[in-house]
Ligand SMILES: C[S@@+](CC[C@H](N)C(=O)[O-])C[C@H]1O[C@@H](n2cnc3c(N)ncnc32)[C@H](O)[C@@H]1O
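Let's start with one chain on its own, the form predicted on its own, as structure tokens.
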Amino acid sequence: MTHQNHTPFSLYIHIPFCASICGYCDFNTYTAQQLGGGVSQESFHKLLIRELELVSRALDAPTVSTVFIGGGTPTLIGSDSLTQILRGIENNFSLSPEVEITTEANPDSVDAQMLAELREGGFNRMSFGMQSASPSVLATLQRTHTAGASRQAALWAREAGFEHVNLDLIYGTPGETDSDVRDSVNVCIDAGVDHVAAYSLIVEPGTAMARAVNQGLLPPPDDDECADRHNIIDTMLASAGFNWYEVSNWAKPGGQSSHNKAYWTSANWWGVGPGAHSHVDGRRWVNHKHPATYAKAMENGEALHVDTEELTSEQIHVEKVMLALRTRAGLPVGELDTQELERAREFALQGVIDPVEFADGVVRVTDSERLLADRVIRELLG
């Protein structure tokens, strides 16, 4: 495979390990007990570096603009292994001078020394899975960290020299109150982070939480309550100098995630590791899901991916519209066909799409309507 050498190009690295599986999580993650034979946390970074070498040979040396190491809990493999992965990237790719290099972490999987080592190793952005400041909400989500751990982790990251720090929130958890949400946002603000991502709880099929909801042990999230809490979060963050740039993401000036924006603008990215998804020049694929299967394929020199899809021009168009209209930047009017343009004009007359920006050639859902962006997208696409 070749790839036209243009930016942005992103790398996603998947670390599939977790100390325990949270009740709401359906990500491709495994505890040590679930791994079985054929793979170990201690040497797993070597497999990822080998895949990076394969990727660099498959592509025409694209310049990497962003690196995101996610999971799972990447920090479970330690700062040395994470830094070795970063060296593997540097040895096989050119990096943009402004490259953004992020790793995720659970608040209880780091300490001040590890964060200092990660910063010294070349990481320049941290993302912590805070979810909530409420002990009862954390218990319902089956998170392992204490209520104060997220603030402490963020402060340690700032002290280590990370200018860019994100805290993830989840709202709409059964039993959560508006006060819990306000407390969580205040922790984010007090911790001095420059980015907050807040997602409405989704009860995913097959999770422990889904079983509890199906058995009547927990009520499902309430859509109206979730909308109210999104508005609470938005109002508080706006007052603290954060601007929304995607329905679920807010940042202070200079704090926007370049990696996130690469996804939302349908840029090219290669996913490394088990279950990682890739998108390069209109082609999509996913790696073997289980770490042991992935490792065996690597050892045998077999293909690492299991599903490949060539996107049609219609699919590319639909995805571009769907992603762009969830962002504050919006979509150029020229991306719409004649019928879509007419529907957009009607939305602009109704005030659902910003009429001033529409007149200037940009289709953007107004701030007050952005929680309805998915409905607007469906109707716009017809």
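Numbers for residues come from their place in the sequence shown, where the first is 1. These figures come from a predicted structure and were not determined experimentally.
This next part talks about the form predicted in complex with this ligand, which is not shown.
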Query raised in the report: Does Arg229 make contact with this ligand in the predicted bound form, using a 4.5 Å heavy atom cut-off?
Result: no
Requested in this report: Tell me, yes or no, whether Ala133 is in contact with this ligand in the predicted bound form, where a contact means a heavy atom of each within 4.5 Å.
Outcome: no
Query - Tyr24: touches this ligand in the predicted bound form, heavy atom cutoff 4.5 angstroms - result: yes
Query raised in the report: Given that the partner is absent here, does Ile202 sit within 4.5 Å of this ligand in the predicted bound form, heavy atoms only?
Result: yes
Report summary line: If we test each of Glu176, Glu100, Glu246, Asp168 for a heavy atom within 4.5 Å of this ligand in the predicted bound form, the one that passes is Asp168
Requested in this report: Tell me, out of Val187, Ala105, Leu304, Val280, which residue has a non-hydrogen atom within 4.5 angstroms of this ligand in the predicted bound form.
Outcome: Ala105
Requested in this report: Pick the stretch from 282 to 290, 154 to 162, 118 to 126, 193 to 201 whose residues have a heavy atom within 4.5 Å of this ligand in the predicted bound form.
Outcome: 193 to 201
Report task. Can you tell me which bits of 64 to 88 touch this ligand in the predicted bound form, meaning any heavy atom within 4.5 Å? Result -> Gly71, Gly72, Thr73
